[in-house]
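Let's start with one chain on its own, the form predicted alone, as structure tokens.
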């Protein structure tokens, strides 16, 4: 059994206060969470630093075995994890189960990569006077990693930081989102029960800006890995000094549907609806800006409206629920303001556009101006725009007219056009014949412009959590 009560109680002993963790759908209090002090964060960093001495000398096979065993524990307790995500994040149960399944895979990938962190041999005799020497590189863990994670994937986005850190031989202190700390604690329990040293992975709960500043200011933290808003990400990067930094920030993912896909509009509409409205659009790669060739726009619009209108709002613990309450009332108010702004500038609502309990019906607007917030900012809610374009060139231009650059998708049967979009879209990942709301946990994943700095994806995250060292042997001396 995975029991986090002992860890919570230990945090409460030294915390000055607690705060109520509330189910976004029912508003029931799920847990009284410790509002940890700065001193508690400092002590966690110190403990993680001491545990690093054990982790850095731990054989890679042991780190791999721990991660692999943890993946099995998470899988064995998948319903506990899924229902915890439902309670603290309000994520519909089938999407919560999907997140747990992904977390299991991320742990497995981390276990594999723990055994594969290899350097290279260097021909020093390629340089003058370099003869008589053999040289090679190795990778060494950096030390204590500080992680700050968001509410929308409270388990798998934590695994994406913790798994690579452990695989590389580091220790890690996680400051989870205030609204969703319980999934991270269950993950820690699974890892500790799998053999991870107690202090190699610590969680400190409470106010993000305050505790995040302690992480940022600590000379014992060697890297900050953050997933959240561009505003906070820029602040972290400006204050991180010589710390390594990985920033996964915002996005307003764009999708183009070309006229060559005329025969597959129903299938594309179904994918688009899920891409735009899964977990209420509270996903950084949610399909937000949809551009459709004018010759198929009416037909595609009809199919998409039908898909969206069939989505069920309701209790996230119910199997049939597609969309549910937003994470808080402030999000609901903000999104309704954005809808009204776009309508005031000439946009039309063709689906949704109304509040429902503590959420919003899945909403599509047409004729949205590029300067409307729903177009130029990250919605992070169940809103999408559907605009018509006259050509692929116009679509490419509109898709690139953004301060973000994470994921983009293109549906086309024209290979030349697919390659053009693949090369010319100014984003980190391009998906041909898929929606941009797609991520596989072992692929490189990073944004351009205001979407981020550095890369995640297990292997790629590991390489940002190590130091490279060259060793040269002069065998003629």
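From a predicted model like this one, the values you see are computed outputs, not experimental measurements. Positions refer to the first chain, counted from 1.
Beyond what is shown, the protein has a form predicted in complex with ligand NAD; the following relates to that form.
Put simply, residue 346 is far from ligand NAD in the predicted bound form: not one heavy atom of it is within 4.5 Å. Ligand NAD is not drawn, but in the predicted bound form it has no heavy atom within 4.5 Å of residue 375. Using a 4.5 angstroms limit between non-hydrogen atoms, residue 232 touches ligand NAD in the predicted bound form.
By the criterion of a heavy atom within 4.5 Å, residue 119 is excluded from the residues contacting ligand NAD in the predicted bound form.
Contact with ligand NAD in the predicted bound form, judged by any heavy atom within 4.5 Å, is made by just one of 431, 445, 52, 421: 445. Contact with ligand NAD in the predicted bound form, judged by any heavy atom within 4.5 Å, is made by just one of 222, 71, 152, 388: 152. Contact with ligand NAD, judged by heavy atoms within 4.5 Å in the predicted bound form, is confined among 338-346, 245-253, 162-170, 99-107 to 245-253. The partner is not shown here, but in the predicted bound form the stretch 176-190 reaches within 4.5 angstroms of ligand NAD through a heavy atom at 176, 177, 178.
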